[in-house]
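A single chain, nothing else alongside it, follows as structure tokens in the form predicted on its own.
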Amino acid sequence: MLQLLVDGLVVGSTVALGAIGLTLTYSLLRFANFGHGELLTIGAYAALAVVGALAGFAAPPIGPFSFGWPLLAALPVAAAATALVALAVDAALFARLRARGAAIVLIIASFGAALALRNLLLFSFGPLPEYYSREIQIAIALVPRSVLGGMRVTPDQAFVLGLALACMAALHLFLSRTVLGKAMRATAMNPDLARVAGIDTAAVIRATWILGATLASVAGVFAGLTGQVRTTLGFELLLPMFAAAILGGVGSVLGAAIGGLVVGLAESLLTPVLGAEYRAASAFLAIIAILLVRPQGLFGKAAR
């Protein structure tokens, strides 16, 4: 039982970071970006490229982890590369369509952008899965097996969970304490009023893309670190991310974070009951049950 909880939290932390970026984009731009999953994949492969470029350096694993300093150096590079791609797609596609005010066109365009980016990655890196490291990890026993089946966690899983929680805490402080964070919140609540008040909404939109892409790249690296780096990585996580955003309440950053953890826990806890082949379905069953009680989501506001 305890092992299922820790496994669910590790998966859920990755989903939560991706769902937060998805929610930020929706809050300000008012459309569901189905290309957001590809930003995770781009971040994962950008980090893989940096790790490969630094492979000539003697870089033993750091402590108990499976990776060395090249992966840590790759994280900010991957974030910057993913942010540049997000800004480029927005400038070339979404910004022009936003001027025409057709939300459905933006959604369809995001499908097209996702397909284009996914196939570009497939062409560039090939269909075979890759790994950041092939070091063998030994799980550390945190709780003995005599207590609810025990709890074991690999150092990489502990790293992912700890850094994901740190990213969420940093995001909360950024949105609540900084001038730009407050401007983003004001623009999300009322873009026209924010513009009249002197807020540079264009700069806020650019900051939103950068922030969402950064979180997506970190989520992509985490997913690759605890699994495989593959071109379908973001596509496979797209539905869980949307489910987390809807479960938490559309537009709520805190809700997206909690929703991601709930999705991860639901998948982990219900898989032994329903079977591994229904892993994704088990999470959606839990979400449906919650939404029947709170249709607006955990932190969403009820419609009036």
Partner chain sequence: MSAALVVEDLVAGYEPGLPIVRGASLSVAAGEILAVLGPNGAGKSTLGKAVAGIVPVASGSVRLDGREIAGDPAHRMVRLGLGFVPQTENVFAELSVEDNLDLAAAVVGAPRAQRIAGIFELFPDLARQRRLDAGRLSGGQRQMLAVARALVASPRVLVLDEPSAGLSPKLAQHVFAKLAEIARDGVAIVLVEQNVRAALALAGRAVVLVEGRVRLEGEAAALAIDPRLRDAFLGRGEAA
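Residue numbers count along the first chain shown, from 1. Quantities reported herein were computed from a predicted structural model and do not represent experimental measurements.
Quick note: we don't show the form predicted together with its partner chain, though the next part is all about it.
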Please pick out the stretch from 72-80, 213-221, 129-137, 194-202 that is in contact with its partner chain in the predicted bound form, where contact means heavy atoms within 4.5 Å. 194-202
Taking its partner chain in the predicted bound form as the reference, which of 152, 182, 145, 172 has a non-hydrogen atom within 4.5 Å? 182
Does residue 186 reach its partner chain in the predicted bound form, with heavy atoms at most 4.5 Å apart? yes
